Ligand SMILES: NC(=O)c1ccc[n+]([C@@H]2O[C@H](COP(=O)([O-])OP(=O)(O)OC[C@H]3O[C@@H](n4cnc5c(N)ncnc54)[C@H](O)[C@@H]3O)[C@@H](O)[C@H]2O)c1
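Only one chain comes next, encoded as structure tokens, the form predicted on its own.
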Amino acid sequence: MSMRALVTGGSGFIGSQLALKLEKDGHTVTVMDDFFSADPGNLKAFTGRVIRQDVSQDFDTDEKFDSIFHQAAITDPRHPNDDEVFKRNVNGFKNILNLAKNHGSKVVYASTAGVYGNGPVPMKEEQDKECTTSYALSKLEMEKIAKDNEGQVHLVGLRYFNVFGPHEIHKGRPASMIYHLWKQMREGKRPRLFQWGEQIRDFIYVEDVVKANLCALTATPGVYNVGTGVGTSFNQLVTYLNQAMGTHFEPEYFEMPFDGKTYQHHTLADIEKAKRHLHFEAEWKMGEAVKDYVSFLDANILVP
């Protein structure tokens, strides 16, 4: 059944993939983005309406939406202005929530595994939170606001773990390690890792994240982890890249430049709640996802 959908941050990494998938599935899709940190090129295949708007500022629209996928945010955990990150992200969510109330829209919004900090793994939705960045704090505040509005709007929050894949390159420094390591190796350089490459991430391919957003439309309202439940060390990641690229690079290790308390050393999603109530489970295996992404990068990205 066709729906009218709004995707905020729709020219960004996940937002653009989601907008294109929704349009491909026959839905009427509107994208809203201020292009503050996005790439208009991500929407070159998109044929729907694009509204240039900062959702953290007051706005109105004459369109009615059945569903709102709220991806817009300052997502860089090391953005230089903590107050700006918190205010823009939280105010944007409040504005989208008001829009949803006016239209009777369902809302699926992006949260982050950053709320867990260096808490115990596998990370469960109900465990104590250890936010170490303003970005994570803003997402946790959004979750609290959503909880305060339970019963008024269908709200599902998705705590993304370490997402990677096509359409992320415009993010620059905050783009995935997979992209940055591929770029180094493509340039003939050894991949640089923090000592000693034993840090672990729950990497998840962007196509699975899009799938989770669609599952959220019919899920029980709440907050869910969106990860694979499988951890990959940085050393293992280099192995996957070597296999996909046909190379044999050894890592070059260097000293960790970040405060050990604010840097997440190990992320791993507990996926049981998502399986039961979101009816979501990642399909892409890490080696296959890296191979697919490398094929995309080789075909689309120019590296000297």
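When you see a residue number, it is the position in the sequence shown, counting from 1. For clarity, every value in this text was computed on a predicted model and none was experimentally measured.
Quick note: we don't show the form predicted in complex with the ligand, though the next part is all about it.
*Asks:* Considering the ligand in the predicted bound form, which of Ala73, Val115, Leu97, Val223 comes within 4.5 Å of it through any heavy atom?
*Replies:* Flagged contact: Ala73.
*Asks:* Looking at Gln264, Thr30, Ser37, Asn235, which has any heavy atom no more than 4.5 Å from the ligand in the predicted bound form?
*Replies:* Looking at the other structure, the residue within range turns out to be Ser37.
*Asks:* With the partner removed from view, which of 117 to 125, 100 to 108, 185 to 193, 132 to 140 is the stretch that lies within 4.5 Å of the ligand in the predicted bound form, judged by heavy atom distances?
*Replies:* In short, 132 to 140.
*Asks:* Could you tell me if Gln199 has a non-hydrogen atom within 4.5 Å of the ligand in the predicted bound form?
*Replies:* Heavy-atom contact with the ligand at 4.5 Å: absent for Gln199.
*Asks:* So, Asp54 and the ligand: in the predicted bound form, are they within 4.5 Å at any heavy atom pair?
*Replies:* Heavy-atom contact with the ligand at 4.5 Å: present for Asp54.
*Asks:* Would Leu20 count as a contact of the ligand in the predicted bound form, using a 4.5 angstroms cut-off between non-hydrogen atoms?
*Replies:* The answer is no: Leu20 has no heavy atom within 4.5 Å of the ligand.
*Asks:* Under a 4.5 Å heavy atom criterion, is Leu181 part of the interface with the ligand in the predicted bound form?
*Replies:* Judged by the heavy-atom cut-off of 4.5 Å, Leu181 is well away from the ligand in the predicted bound form.
*Asks:* Can you work out whether the ligand is within 4.5 angstroms of a heavy atom in all three of Ser67, Gly227 and His277 in the predicted bound form?
*Replies:* Verified in the predicted bound form; spot residues all out of contact, no.
*Asks:* With the ligand taken in the predicted bound form, which residues across 162 to 189 come within 4.5 angstroms through any non-hydrogen atom?
*Replies:* Heavy-atom contacts to the ligand in the predicted bound form: Asn162, Val163, His170, Lys171.
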